[in-house]
Ligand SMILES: C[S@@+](CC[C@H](N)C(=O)[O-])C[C@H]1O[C@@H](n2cnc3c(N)ncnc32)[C@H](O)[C@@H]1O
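In the block that follows, a single chain appears as structure tokens, in the form predicted alone.
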Amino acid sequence: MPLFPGARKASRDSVRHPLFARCYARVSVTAETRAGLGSVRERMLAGLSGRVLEIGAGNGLNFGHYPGAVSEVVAIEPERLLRKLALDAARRAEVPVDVVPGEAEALPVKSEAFDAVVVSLVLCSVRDLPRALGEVRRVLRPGGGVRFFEHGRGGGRAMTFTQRALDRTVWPPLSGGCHLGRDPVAAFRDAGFELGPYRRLLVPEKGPRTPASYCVLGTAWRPDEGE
């Protein structure tokens, strides 16, 4: 059942990537310290308060970084194995976290129900990016904010060529639908959000660059149409 009256119906297993999910669950935990992703998550979530919707929660690595001023997190995760791991992480979290199935393109929650939305390493893999960001805008209260940490296009001409080539061939099937060459900042702007501060960063900060190393950490806002 949807979380709220009038919410869109959730599909329990709309996304199935069991092999990728097992690999991601292992690699992502290691990356928290070796690639510095734990500190990036801490910066992304600092200062949040109120009701928060997290889209594409994965195995719940953000949950331990939510500040105490957050009253509730509703975490959407469509992949069954990752959702199970997220449920385990939710039980250890210091803020209330409710993990539910659902898709970014049809969020099973009521419109204007959240003070903030969190997306981290998920916009690369949604099937319909404009539709997903339209859903983000729908569920945010007017003036509500988005915290995002995403990878995407970057690294100069040779690297962007490589990213496009991989996106057209082997990368999405091998990586749970991930695309390397999307531009999350432009996507937020095109979806009608106001961009707040954001910064480009490399993950890992030191070492060899890969097509997935080019990331952006920042904020965006749903405009308050009443102003």
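Bear in mind the structure is a predicted one, so any value in this text is a computation, not a measurement. Quick note: we count residues from 1 along the sequence shown, nothing fancier.
Note that the form predicted together with the named molecule isn't included here; everything after this is about it.
Across the options 159-167, 51-59, 191-199, 66-74, residues that bring heavy atoms within 4.5 Å of the named molecule in the model of the complex belong to 51-59. Although the partner is absent here, V97 lies well away from the named molecule in the model of the complex, with no heavy atom inside 4.5 Å. Using a 4.5 Å cutoff between non-hydrogen atoms, H179 does not count as a contact of the named molecule in the model of the complex.
At the 4.5 Å threshold, heavy atoms of V136 stay clear of the named molecule in the model of the complex, well away from it. For E105, a non-hydrogen atom is located within 4.5 Å of the named molecule in the model of the complex, even though that partner is not displayed. Note on the partner interface in the model of the complex: the residue among A89, V122, V109, L140 having a heavy atom within 4.5 angstroms of the named molecule is V122. With contact defined as any non-hydrogen atom lying within 4.5 angstroms of the named molecule in the model of the complex, the contacting residues in 75-100 are E77, P78, E79, L82, given in sequence order.
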